[in-house]
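Next up is one chain by itself, shown in structure tokens, the form predicted on its own.
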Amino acid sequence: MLSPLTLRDITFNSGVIQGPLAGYSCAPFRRLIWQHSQPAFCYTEMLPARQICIENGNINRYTFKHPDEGPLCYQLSGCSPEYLAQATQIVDAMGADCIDLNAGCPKPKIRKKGHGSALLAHPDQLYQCLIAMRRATEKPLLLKIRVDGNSAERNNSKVAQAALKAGIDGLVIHGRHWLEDDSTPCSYHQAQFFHEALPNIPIIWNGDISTPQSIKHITEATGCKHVMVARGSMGRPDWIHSLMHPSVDPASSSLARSAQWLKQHLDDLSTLEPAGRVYYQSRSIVHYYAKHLPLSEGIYLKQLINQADTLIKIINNLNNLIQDLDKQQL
């Protein structure tokens, strides 16, 4: 089963990590996670190293860490050792508890830049990126990858050699090849290769974590004592808590809780971005809070958001809903 994760000289309080979510896992989301769950640490969204260097330490929606948060891993993307080294120093100074290089993103717009999973086919480049980051920080350094899976590619061995030679402190493996979608079964057996190739480095499994039973199955199948979850927490900040406590139903929620979570999410986001931008983002954010509800309640919550034409009206609608539900409990 799971055990607390240790990276370098730091032992975290859990073996479960909240992973990165593009366009979503900024401070408002992570603050909710910390209020309702206790992961080892959370990830930022994927941050382009070049942009971090251009902004040179500027605090914005992507780099802000709320005082209520626990440990935070800044995830960088790129293929330039120079930019990655400089960006590593910048996020280190911002207070990163650990730093990660993304070598797993399968999106074409990322791969065509030579970033993300494109690095897996260029192990020498991957090594140069990692060693540049390693020399730039004493903080724990992680690498997130995708495995060969059922593809004809055979990158696992060279990727492991590059990671070992560069001196990473932890490896996150997503159990599918970058061309495989979620309908493809994870290649659990490939975890064993990385355990043998990197015997003193924690291997963190990512993929198909959905229930307490799935954690038990995956830890037994992969030998991994640590896991990363991601999308399951969208709209359910207590998701990690429910995974660690089987008596909590991870598929259920209440309209009152979802409305309160959504309101806090939007309130916090409005401190980081203009109201107009938050207003448009609310259309997609509400979907995640609604999907865990009974169908009629989920539709009602989305209607409260979609029928409002300003962020102020959205917040007022949520406040009124929360007050009405509180009265019903009296």
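For every residue, the number given is its place in the sequence shown, counted from 1. Computed from a prediction, not measured in an experiment: that's the story for all the values here.
As for the form predicted together with a small molecule, it is not shown, yet the points below apply to it.
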**Complete:** Residue within 4.5 Å of the small molecule in the predicted bound form by heavy atom, from Ser117, Thr222, Gln75, Asn156, is Gln75
**Request:** Could you work out which of His241, Arg111, Arg231, Arg135 is the residue within 4.5 angstroms of the small molecule in the predicted bound form, going by heavy atoms?
**Result:** Arg231
**Asked** Can any non-hydrogen atom of Leu21 be found within 4.5 angstroms of the small molecule in the predicted bound form?
**Response** yes
**Message:** Taking the small molecule as it sits in the predicted bound form, is Glu55 near enough to touch it, meaning that at least one heavy atom pair lies within 4.5 angstroms?
**Reply:** no
**Request:** Consider Glu69 of the chain shown here, and say whether it contacts the small molecule in the predicted bound form, taking contact as heavy atoms within 4.5 Å.
**Result:** no
**Message:** Against the small molecule in the predicted bound form, would Met46 count as a contact residue? Criterion: heavy atoms within 4.5 Å.
**Reply:** yes
**Request:** Indicate whether the candidate residues Arg236, Ser253 and His292 are all in contact with the small molecule in the predicted bound form, with contact defined as any heavy atom within 4.5 Å.
**Result:** no
**Item:** Partner-proximal stretch of 124-132, 86-94, 156-164, 223-231 relative to the small molecule in the predicted bound form, 4.5 angstroms, heavy atom
**Value:** 223-231
